[in-house]
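In C-alpha cells, the next block holds one chain alone, the form predicted on its own.
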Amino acid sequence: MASPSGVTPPHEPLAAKLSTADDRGLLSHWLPPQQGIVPRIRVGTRWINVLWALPLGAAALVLAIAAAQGLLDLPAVKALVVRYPGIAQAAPSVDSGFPWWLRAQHFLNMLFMMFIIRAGIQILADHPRLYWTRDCTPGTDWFRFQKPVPTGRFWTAKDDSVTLPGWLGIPGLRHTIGLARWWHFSVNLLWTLNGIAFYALLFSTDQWQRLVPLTWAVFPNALSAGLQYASLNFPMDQGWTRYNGLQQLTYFITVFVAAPVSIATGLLQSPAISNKLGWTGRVLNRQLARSIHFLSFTWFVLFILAHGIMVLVTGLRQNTNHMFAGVEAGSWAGFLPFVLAMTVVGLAWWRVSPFTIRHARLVQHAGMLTVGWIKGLAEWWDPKSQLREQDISPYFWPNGTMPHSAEFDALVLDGFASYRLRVGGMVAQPQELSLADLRAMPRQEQITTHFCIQGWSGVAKWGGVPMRHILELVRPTAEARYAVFYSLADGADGGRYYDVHRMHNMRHELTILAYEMNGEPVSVIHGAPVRLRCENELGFKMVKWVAAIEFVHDFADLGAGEGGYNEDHEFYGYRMPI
C-alpha cells in the first residue's frame, strides 16, 4: 500500500516469499492431532490420576452421609441445629425477591461462563502443565495432562500441545490457542462488564444483603446447614428472602473472591502488565498466576456443578420460578423459560467449535474489534522490570520452526561470518550489517522474562544492539509506521516467517537485536545469529533468525495482511502485550 506521499520503495525481497492464508481453520494445515493423558496432580514425587477422585469422592460422600446422620443424633449437635437452624436469625430479609435484572444477568453469566471455561481449557491445552515457580523446567510441574517431557530428542513447546474434543475445547483442534484466546478474552470482557453492572445494581438495592454476611452467626449456621444437607434432611429453604449460611458463604466467595482473583491472575500473565507492576509482578509471577487462575477456574466448575445439582434436588419447580420467572408460587411459571435458556446455552455449546473452525478469520477480527484496543493500550505501559542473575531459568523451552535451507546451513558452517542483516524500506540510509558490525555497535544487556503465548515462561540474560541505535543509523522517514522483521526460517504452514511491530516498540530502551543469551552467543535453537527482544509483547512477536528489517507505512499487502505469520496462519493479533 502506498504511503501518503505516493512514493513507496520496493519491498524487501523476502516479502515475495510470504504466503497468504485461508480464512478457515483447515485441519490439513494444522498440527497433527496428539492426545493427552488423564490429568494428574503431583504429591511429593508421586503423580496421582485425578480419576481417583471419582471412587474416593463417592466413598467420601457415603461416609459423610452416614457421619452426618449419626452426628445429628447426638444431643449437642441437635442443640446446635436448634440454635443455628441454617439461616442466621439476625440476617436481614430481602423483600424484592429476584428482580428482572438479576434474572437477566444470571442467564448472561451462565452463557458467558460456558465460553470462558471451554476456551480456557483450550488455552491450557497448548502448554498442559502448571508450575508454582517462575521457571517451567521439565519435572517441576505440579499438574499436567501430558506425558513427561521426553529426553534425548528435540521437544518444542508446540510439540507439547495436545488435542481436545471439539465438544470440550473451543475449537478443539491442536494448537488453536489464537482462536481460543479471542473467545476467552472477548467473552471475559463481556462477563466483567456484566459483573460491574451486577455489583452496581446489587449495592443500589437490597439484593446485596442476600449475599453478604452481616453477622458472625453465618459460620455456625453454615456448619448446621452443611450437616443437614449431608444427612439428606435438607434445611428449610427461604431463598426468596434469605440464603442459609452455607449458601451465603459460597455465593460470597464466588462473587467477591473467585471472580476478582480470576480477573487479576489472568491479567498478571501478560508481559506488559506483569512487567509494569515491578516487584508485585515478580512475586506474583506468571506461573504462580497461572496456577492460582486454574484454582479459581476449578472453583467455578465445582460451583456450577454443585449449583446445578442442588437446583434439581432441592426443588426444580421452586428454583426455576425464582430465577426464571421471578415469582414465589406453586406453579410451573419458570420452567419453560428455564428450558428455553438451557436450549440457548446448549445450542451455543454445540455450534461454537464448528463455527470457529469455519469462520476463523471472522472470530479473529471480531476479537480484535472487541478487545484489540485494550491490547493496544497496554503496549504503552513501560516494561522496565528487570531481574537478577540468580533469577535466570535453568531451562528455556525451545519453540518455532527451525530454518531448513542450504543458505542457513552455510551460515552455520562458517560461524555466521557471511551473515548480512538488511535494513531498508522507508529509511534515509539503508544498511547491510554483518554480525561483526552489530557487535561493534553500542551493546546492551538485560535480564527479562519471556512470556510465550502458549503459557510457559523463562528468564534469560540477553545481550545485543538496542533497536534505537539501528533507527539512528538508518533514519526511518516520518511516514514509516511499522518495522517488519523477516526470518531466515519458514513458518510451519509454508512461506517465510515474519512479524510486524509499531515504531513505538522499536524505540523502547529494552527492545534489542540480541546476539547473546546468558553470556554466550545465541544458540541456533533460540534464534542465532540474531533475534528480536521486545519485552512488552508475547514471545511469537520476537522473531528469531532475523534476516532483514523493513520499515513500511502499512502491512496490508504483506502475507495475508494481518501483521505477521502467526497472525495470518494461526489467527493471532498483531498487537499482543496481553
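Bear in mind that the values here come from a model prediction, so they are computed numbers and not experimental data. All residue numbers are counted from 1 along the displayed sequence.
Just so you know, the form predicted together with a small molecule exists too; it's not on screen, but the next bit is about it.
- The stretch that touches the small molecule in the predicted bound form, counting heavy atoms within 4.5 Å, is 449 to 457, out of 449 to 457, 78 to 86, 466 to 474, 243 to 251.
- For the residues Asn194, Thr314, Thr133, Thr401, the 4.5 Å heavy atom test against the small molecule in the predicted bound form is passed only by Thr401.
- Note on the partner interface in the predicted bound form: the residue among Ala514, Cys534, Ile549, Val543 having a heavy atom within 4.5 angstroms of the small molecule is Val543.
- For the candidate spot formed by Phe396, His526 and Gly539, every residue has a non-hydrogen atom within 4.5 angstroms of the small molecule in the predicted bound form.
- Interface membership of Ser487, defined by any non-hydrogen atom within 4.5 Å of the small molecule in the predicted bound form, is confirmed.
- The closest heavy atom approach of Trp182 to the small molecule in the predicted bound form falls outside 4.5 Å.
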